[in-house]
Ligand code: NAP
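Quick heads-up: it's one chain on its own, the form predicted on its own, in structure tokens.
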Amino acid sequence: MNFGYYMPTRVVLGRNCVTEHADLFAPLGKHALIVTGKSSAFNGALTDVMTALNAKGQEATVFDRVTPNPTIPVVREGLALLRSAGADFVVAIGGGSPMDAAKAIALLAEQDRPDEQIFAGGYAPEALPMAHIPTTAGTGSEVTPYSILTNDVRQTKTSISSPALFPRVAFLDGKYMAQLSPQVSLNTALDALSHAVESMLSRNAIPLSDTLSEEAIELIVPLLGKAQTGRMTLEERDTMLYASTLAGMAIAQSGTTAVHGMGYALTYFYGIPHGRANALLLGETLRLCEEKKVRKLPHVLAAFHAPLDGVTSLLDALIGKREEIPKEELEAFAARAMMNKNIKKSVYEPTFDEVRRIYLQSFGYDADEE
């Protein structure tokens, strides 16, 4: 076995870990830009971060205008505030959107470039230091080198990837998720599950990432029903958050696959939450893997402790009524998805006809009908 694995983020997990490990903020800088949404003021995360920073004599400026699926203008607004405040490090509090925006702000603060070149790649490994505090259990962004932003030019979501985007430290505390709605709890859990499954089905998977993914799936699946009802104890929130981080560590190595590449159109054009968009497509993707006799599929199913029909039935029960999307739009989404780099990352690399079939059958259409 020849492989390498790189994940430089220090992870601290436990109740009140932000305030009890305030010393971990000290090496990051003197003035933090806290990138967040509005909810962090109500779930206690912002208060804890301010307490930790104050304990070490560090200043902070709050940027709480991050919207779901953040855009380049949102990032630009945060970057302008960082510069006017004189901030020299970034703290992200929230789900995937604040964390993705924070990463882009930290990167552009050191390597600014015109809007049209932001997704062009080729960044040096330089960004402002970051600490991340996830307040949902799904994105795993606290341990990945990716920032996913809305790309209005291409009408999709596009990733920026650089080792510089790994946060220096991640604080995991399930108490910030105590008041999450059932809908958010489920959708984010489905995102984490999709990360773990897709990592195992990636061309870039390695034995270590497979081990992380398998453990994540085994932890997530028993909690999905509780996420759906919102009836989770704090300890179960901790477990889901831990599993989400494991899945993030897996995709930090492998990246995601066609499921994410196909799901972006559902989010961009129909506003379907990211985790749900993935779950809508995952069942038919696994059926394609069975058809293609993908070697890893039995290992994925073993982590679920269920046959393929059991997995797809579970997903159907969690998804419930599916959105109504015209057939011609789904076919257009298939053409868009084929331009996404994640298609070729898939060990099962689907053809256009197969991507079209996944879309159509995921929404109740017969792919063979004209």
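A quick note: this is a predicted structure, and the numbers were derived from the prediction, not measured. Note that residue numbering begins at 1 and tracks the sequence as displayed.
As for the form predicted together with the ligand, it is not shown, yet the points below apply to it.
Asker: Heavy atoms within 4.5 Å of the ligand in the predicted complex: does D100 have any?
Answerer: Yes - in the predicted complex, heavy atoms of D100 and the ligand come within 4.5 Å of each other.
Asker: With the partner left out here, check for me: in the predicted complex, does some heavy atom of G310 sit within 4.5 Å of the ligand?
Answerer: Looking in the predicted complex, residue contacts with the ligand do not include G310, since no heavy atom lies within 4.5 Å.
Asker: Could you tell me if S141 has a non-hydrogen atom within 4.5 Å of the ligand in the predicted complex?
Answerer: Heavy-atom contact with the ligand at 4.5 Å: present for S141.
Asker: Check Y176 for me: does it contact the ligand in the predicted complex (non-hydrogen atoms, 4.5 angstroms)?
Answerer: Heavy-atom contact with the ligand at 4.5 Å: present for Y176.
Asker: Given that the partner is absent here, state which listed stretch (142 to 150, 120 to 128, 205 to 213, 104 to 112) has heavy atoms within 4.5 Å of the ligand in the predicted complex.
Answerer: Selected range: 142 to 150.
Asker: Would L180, V184 and H274 all count as contacting the ligand in the predicted complex, using a 4.5 Å heavy atom cut-off?
Answerer: Each of the three qualifies.
Asker: Pick from G95, G261, G255, G78: which has a non-hydrogen atom within 4.5 Å of the ligand in the predicted complex?
Answerer: The residue from G95, G261, G255, G78 that makes the contact is G95.
Asker: Scan 14 to 46 and note down the residues that get a heavy atom within 4.5 Å of the ligand in the predicted complex; none is a fine answer too.
Answerer: Stretch hits, in order: G37, K38, S39, S40, N43.
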